[in-house]
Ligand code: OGA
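To begin, one chain is listed below as structure tokens, in the form predicted on its own.
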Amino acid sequence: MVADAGSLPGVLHADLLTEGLAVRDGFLSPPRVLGLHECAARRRVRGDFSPARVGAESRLQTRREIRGDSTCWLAEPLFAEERALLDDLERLRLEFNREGYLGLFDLELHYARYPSGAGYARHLDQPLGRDQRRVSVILYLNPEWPAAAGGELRVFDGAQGHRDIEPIGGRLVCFLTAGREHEVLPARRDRLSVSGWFRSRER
């Protein structure tokens, strides 16, 4: 039986705090992955997704050659499956604070859907001059994802090159946001995730 979020206490913080990057398969069971996939499909039908933009504040713009996904921010009213995910991630936030004293205060979260051929060029998650985003979080919602489909998350490390992480359904990736460059490689089929950041209070 695939482990679900509730049965994985204490297994993410150690890698996050020592390596700056943690990857755990089976964070959500296949039925829950499918449930969130269906939530995203319903939101697409009703027009909740919009093209992602790059830049900050007044300089936000759509640049498909840099970032080709569409996003939908998770906000009320939520589907039951989405609320359950937020509960899981709230427990994770408390664990990170308890074990690593990270001062994480809240979470911003969105669906990210990449159509076939789309990617996201190498970038940082912290806007220039703002450091509230402390831990980046990505949960993949791609059932039965074959290696040949591509779409890996490439996480860069100045000392060791990079690590490629396949977007397998139920897999959770967390990394310390500050200074961590990463990109999304183009996939050969549609690619879906829930992505966001645990944030600290504004200083």
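Residue numbers run from 1 along the displayed sequence. Bear in mind the structure is a predicted one, so any value in this text is a computation, not a measurement.
What comes next is about the form predicted in complex with ligand OGA, which does not appear here.
Q: Can you work out which of Cys39, Leu176, Ile168, Ile138 has a heavy atom no more than 4.5 Å from ligand OGA in the model of the complex?
A: By the 4.5 Å heavy-atom cutoff, the listed residue in contact is Ile138.
Q: Would you confirm whether the three residues Tyr114, His123 and Leu153 all fall within 4.5 Å of ligand OGA in the model of the complex, going by non-hydrogen atoms?
A: Contact check passed for all of Tyr114, His123 and Leu153.
Q: Enumerate the residues of 188-202 that have a non-hydrogen atom within 4.5 Å of ligand OGA in the model of the complex, in sequence order, or give none.
A: Arg191, Ser193, Ser195, Trp197, in sequence order.
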